[in-house]
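Single chain ahead, by itself, as structure tokens, in the form predicted on its own.
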Amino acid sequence: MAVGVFDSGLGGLTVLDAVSRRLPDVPFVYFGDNARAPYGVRDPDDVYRLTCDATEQMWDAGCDLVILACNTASAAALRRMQESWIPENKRVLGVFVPLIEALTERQWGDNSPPRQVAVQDVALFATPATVRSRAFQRELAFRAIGVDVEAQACGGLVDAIEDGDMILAEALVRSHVDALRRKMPEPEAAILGCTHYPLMQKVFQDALGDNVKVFSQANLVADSLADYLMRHPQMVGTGTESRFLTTGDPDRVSRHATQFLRRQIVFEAAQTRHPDMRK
């Protein structure tokens, strides 16, 4: 009865940690495409192809439901996957929905006209690909009016986190916050629009100040998944054990994952079904 969790690298471990604590009896299969991270600098067709590849491998591992714990994949690939690729007996869900629900304080199925919400000035920190997609702004506009979203593409931050260089990562966070403040001096809220970024949440909060409410996705996704499985128990797949798969070097990825989660994580090698077109 496994559920899949996918990310381009290690960032999705923040979501995995939250959903594992929320649903301790559910096995999770985690797939990190570390060899081809980061996705945030790739074009949409590339992200779509790689995300479908990983999703198929999690289906093979007994996961009928896959969570795209990657904002770039959710922004660039999910809608296309849902419209033309996913079989009727499978589901793939993204990480935008719980975040939009929290920000607008309304359920996803609420189809009433857009309305005013409490927060008006929102800073969005995300990968270049997520920023280019404008997926967050598009989904928000369906549900809220009068919200000013200022997006900041955080180039280099995912690479620094993946490399375990926290000194560089902290410097990049503070630089990107400074850049955002030049465009929006007083944001009321900040969205950490990449699942890598909660690993630096304390630095973001410190740089933004205590008066800025920082939204990170892990716990929101965990609560949303628990609710979804309560309503759709048939979507828990046939897999019976938790696994960690990576397209990267399993030993290296395991070391970084263990460092991030502060518990022993052992990855195994995943197959790379399609070559990386950038190489």
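The model shown is predicted, which means the values in this text are computed figures rather than measured ones. Residue positions are given as counts along the sequence shown, with the first one as 1.
Not pictured, yet referred to below: the form predicted together with a small molecule.
Judged by heavy atoms within 4.5 Å of the small molecule in the model of the complex, the contact stretch among the candidates 179 to 187, 80 to 88, 99 to 107, 192 to 200 is 192 to 200. The single contact residue among 158, 76, 122, 173, judged by any heavy atom lying within 4.5 Å of the small molecule in the model of the complex, is 158. The small molecule in the model of the complex is not approached by residue 31, whose heavy atoms all lie more than 4.5 angstroms from it.
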